Each structure stands twice: as C-alpha cells, then as structure tokens.
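We begin with a single chain expressed as structure tokens, specifically the form predicted alone.
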C-alpha cells in the first residue's frame, strides 16, 4: 500500500473545516488593516532564495532541474517571491503596498511536532513605507491576527541598530557570527567566541542588550545612536496601541537583510519548537533588480497556530437530506435546487433505496430530512423532519427554506 511522503499530511473533512475556519479568521484580520491577498508560483528560480538567504539554504530545499536545464526550487518561504513579484509587476503602483499571503512551502528537514516538509505560512509584507509608524503597524497586524485566531503567545521586539553599533569595529563576517550567538541566546558560546577573536571587552555590553528591560537601560549601554528617536517612537506607538510585548535587543533573526526593527513571537504551549512568528524591517527588492525600497513584514507558521490552538469547536452549517419515492425524483431534484440556491447544503440519495432505508442512512450525515412522496409532490409541499428530535411538519417550500435558514449552524 502506497504511503504519503514523509513530512506531509492528509487532512480529512473535519480537519480541513477546522483549518479553513482558522485561516478565514486570520485573513479577515489582515483585510481589516487594508492588506490585500497576493499569490506567487509554488516554484521559483533557485537563485531567488539563495540571494535572500545564502547558499546554506540549498541543503534545506527541494531543488530540481526542468527540461530546459533551469535550476528551480519549491518555495521554502514566500517573502522572496513576493518581493520578486513587486519588482516584476508592481514597482509603479503607488506606495505603500499592503499585501498578505497564505501559501504552502517546502523544506527538506527532519519532521517533528508542528514542523513538516510541506507546511503553510501566513504572512504580511508592507512595501514602500519607512517609518516607526510602519514598523508599529506590522507588529500590530501580527498581534491582531494571532489574538483573533486564539493563540496565546509572548511577543519580543527589538531593533538591530544597537547591536550593529556595538559590533561596528568588527568585519562583517565576525559581526554575523557574533550576532548568531546572541540571537540564539547562547551566552556561554558568545563568551568563548569573543575570547577567541580577542573582543571579550564586548561581552558585558552584548549581554546587556539581550537582557535589558527598558529603553533607558538600552541607551545607557549604547549611548546616543542615530536611530534613537525612531526606536523610542516605535515603542511609544506600541504602548499607545496596547500591544503586550517585552524588549529583546539581542534578536538578529538569523538573516542578513534585516535592517531595523525585528520581532518574534513564542506560543505558550508548543514546547521547545515554540516560535510561531518572526518578522522585521528589511530591504530586499534591490537584489532582484528593483529599487532600494524599505519593506517590513512577518511570517506566521500556520501549522503551529493549529497545534497551539488545539481542538476548537467548528460551527458547521445545517445539512439537509432528501428522501423520496421513485415517483417523486423529478420533484426532489427541483426542491434540492431551490434549497441549494439559498446556500443550504443538500444531500440526495444515489442508490435507489426505499424511503425508510434512505432515512436511516441520512441520519448519519444530515440534521434535517426532507421527505417527498406522492402527497407532497402533488401539493407542492415538503415534509420537514428533524433527525435529532423526530419532530416533523409539512410546509410549502418557501416556508421550509426560511425555517432551515433560521436554524443557523449546528
């Protein structure tokens, strides 16, 4: 018996209904902030992703060569594709552009809880706005999306400028390696690393960045820096918006293209693999031949959202089942069409069974049965039977439709 590929999943109807409900809630929140959905190809030229994330990502990707000899990759994330699309299709559109996406992505890595080889991302990209207001809006959208979905999480917000200020005397390669230790909060590794490059005098200042709890503490470490006003403005705006966050100026996000504000979120109940969102301000479009436009965005691991929320009741629409005699089949088809035109789910018998057998089978999947025999066909009525309570009444079709629509969801 053939099995699904490792790191992938099958979703039965109940699970898909649950996922679509959560997805719909997240989409709705993004739209409330003026973000509109975009979609990019499921595969792109390999170079798009290596330009963004470096050659090291190749080991984590599904890569193939097409019949024309082009090296392509299934997308491991969506930001690079969205910025490629901006350069190709949207440079002349008035800015800022507020876009969101919901896409499946692919990474070749060891599957574990909440982490799969095929996974889904929900993300936002704000293109063409370079201000503390833009930074604060993106964080606020992220918070609104996660809260509306029902995720309990801890939000940590930082900015790269203080860290880069302290490391400005190091060459770029050493800056990146040092920031990596800080980002992972590997403080013992950071100490060993600084000693090995004879920069141990930076240890106390860098540890202070990762642990400071106020802007006063931050600027006591760094002194006045050019970005100070923007950093202060960002956190003023987050406070005004009522966002629950904590400082972490040790966040580096592990990617070179972030330029300013950065943030991460960690779900309350996912164990060790609990990061559920990450984002920040960046400049990426110029890598694809576009202008050096400021951008800001985030990506949410949708599968981790689903795991974090756990089992939630999904409101399902009322399901109608039609049971009819052979002589009433033409009328049954007409009635079913009238109910469906009103947005009501209707099941019909497909096996020429008797009326009582039809009703017995409908009780498994339907909430209400519509019984149609000779009397109903001649009178233009339907007998409506509640399959949960056994109550039944004969009504004209319009009345039956109104009653079912008034029943709402089950």
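Values in this document were obtained by computation on a predicted structure and should not be read as measured data. Numbering follows the first chain given and starts at 1.
The same protein has a further form, the form predicted together with a small molecule, not shown here; the description that follows concerns it.
S.K.: I need to confirm a contact call. Of 279, 162, 158, 321, which residue comes within 4.5 Å of the small molecule in the model of the complex, counting heavy atoms only?
M.R.: Residue within 4.5 Å of the partner: 279.
S.K.: Among 248, 259, 308, 121, which has at least one heavy atom within 4.5 Å of the small molecule in the model of the complex?
M.R.: Comparing distances to the small molecule in the model of the complex, the residue within 4.5 Å is 121.
S.K.: Does the small molecule get within 4.5 angstroms of any non-hydrogen atom of residue 181 in the model of the complex?
M.R.: Although the small molecule is absent here, residue 181 would stay clear of it in the model of the complex, with no heavy atoms inside 4.5 Å.
S.K.: Does residue 115 make contact with the small molecule in the model of the complex, using a 4.5 Å heavy atom cut-off?
M.R.: Yes, residue 115 is a contact residue.
S.K.: Is there any non-hydrogen atom of residue 298 lying within 4.5 Å of the small molecule in the model of the complex?
M.R.: Yes - in the model of the complex, heavy atoms of residue 298 and the small molecule come within 4.5 Å of each other.
S.K.: Can you tell me whether residue 137 touches the small molecule? I mean in the model of the complex, with a 4.5 angstroms heavy atom cut-off.
M.R.: So residue 137 does not count as contacting the small molecule.
S.K.: Name the stretch, out of 188-196, 221-229, 145-153, 99-107, where some heavy atom lies within 4.5 Å of the small molecule in the model of the complex.
M.R.: Of the options given, it is 99-107.
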